[in-house]
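Two versions of one and the same chain are coming, encoded as structure tokens; call them structure 1 and structure 2.
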Structure 1
């Protein structure tokens, strides 16, 4: 079971109450993931240092400049794995939590002050009494501030970034910078794969051009292989194709079905490019760009040529 914490941010820093939410999530049992929604990924590192956190998803987008419940709920829901969702019981947190619960058709429990043995306690009758309820499935839980001790630091959680901003060029440059921090170029082996989202087998030439720049191999998803005769089975990455373990795996127009993930999820650094913000592959990518391949690939090729010139 996953417990997904939606962190509040301000001026590039996460709210101190995020560490309290980690303690609350720990009382539920299961893995702990933090989603940090902001204009950039600068606050993700602080979330990754909280002890007990398994993974941080930095959700970067223009919509996070000011609070808008509808767009925030849509964007956060798209990258958050299934499980319990925890937010602080602030005005925005309660509003956002209710919208997320509605989108997922799950229960919402507001203003929780205690969690024990799968039960949550919250005040009723204007705080004159407390009520305890048992959780029978995934739920959205908003937690009152200063009721749980903050989790300590010292954590080293992995950070994944999903960039939904409209500035594709900046997203590509940031993606390349993040990959460079993680990879030793001298040892890197690279695969760039296309899916049915490429639209036509002719468009795989765009992948081949980037592969030529990087010295990479070109792969494909099963959906692409099954759809187009021009894409041979020898290119297929996945459960019924090849299992690969490159340093860098770039997935373009691939939704991220479990069969494909089985063949590449051990890659050291995974980049996903897909126009669908709800594509499952974003939940597994180290860096994701929400945009069409037509927008991203020309910019990616240009930036790579400049870097490697």
Structure 2
């Protein structure tokens, strides 16, 4: 059996989750091939260094200039051998994975968090339950970030470069840059989020300062997004916002409503800062601080600065 990993790239580097996908593929058993979409020499070389990888196919082509689901699926499908396909459960990874599965008439399983004895486990009902499924035959599997340990380096896989393009069916007409060039919560390994308890959108600057120290993204609850125009929906974490899975999630002035938890409960560590000791968020926090953010944030910033300086 073979496992084909479709690696995403950004600015000539492979997505850091690629080494985690190699571990996931190892759990399925069989050989491991990496197809680097929009690959170049340096991203292909980075993929070839992951231990356990047999072969790397760097896929180049005109259609890879911007993300376009149908042309990418067609180009990737034609260079990927039969077998399981693994992608990271990012927005594009899930979209592409679903298309590849449909193209091959095989099943797709999204958001996988465990692989054991050929069975895959993934959350359903916004993480309120887990489901385990048995696979008979090849499948497309997308894997949640931060759930499998990254495979070590030291590999020396062969690299092949393939030029393959396909008709692009969508046209990017205009790019609207984000007001601030902040890290997206969906991509961040550390997130600090503010809720209605922040009192005003101006106070989010205190969260941004801490985010800068930590290299974190700034998120928000829906109440914050709905109350203040300055807080865009792209920052919203939760059931009708983004689902995130960082290694550290810091919730400031957020009560911990079930719809907010739906988007962040799988975070590896949760810190809650809230003045109300009865706030439901404390039931889910690894470390809770009962105090106002006005008291906590300045010390938090200076402590982090001295630790990380």
Ligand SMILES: Cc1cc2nc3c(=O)[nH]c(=O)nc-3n(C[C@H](O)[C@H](O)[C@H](O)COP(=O)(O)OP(=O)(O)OC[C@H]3O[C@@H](n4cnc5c(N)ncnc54)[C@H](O)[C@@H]3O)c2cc1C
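Residue numbers count along the first chain shown, from 1. As the structure is a prediction and not an experimental result, all values here were calculated from the model. In this text, rigid core is short for the largest set of C-alphas that superpose within 1.5 Å between two forms.
Here the form predicted in complex with the ligand appears as structure 2, and structure 1 shows the other form of the same chain. In a rigid-core overlay of the protein, residue 289 has its C-alpha displaced by at least 2 Å between structures 1 and 2. The two forms, fitted on the rigid core, differ between structures 1 and 2 by 2 Å or more at the CA of residue 299.
Residue 55: CA moves less than 2 Å between structures 1 and 2 after rigid-core fitting. Aligning the rigid core between structures 1 and 2 leaves the CA of residue 40 offset by 3.3 Å. Its Cα shifted by 61.4 Å between structures 1 and 2, residue 255 is reported here after superposition on the rigid core. Core-superposed comparison between structures 1 and 2: residue 165 shows a Cα shift of 6.3 Å.
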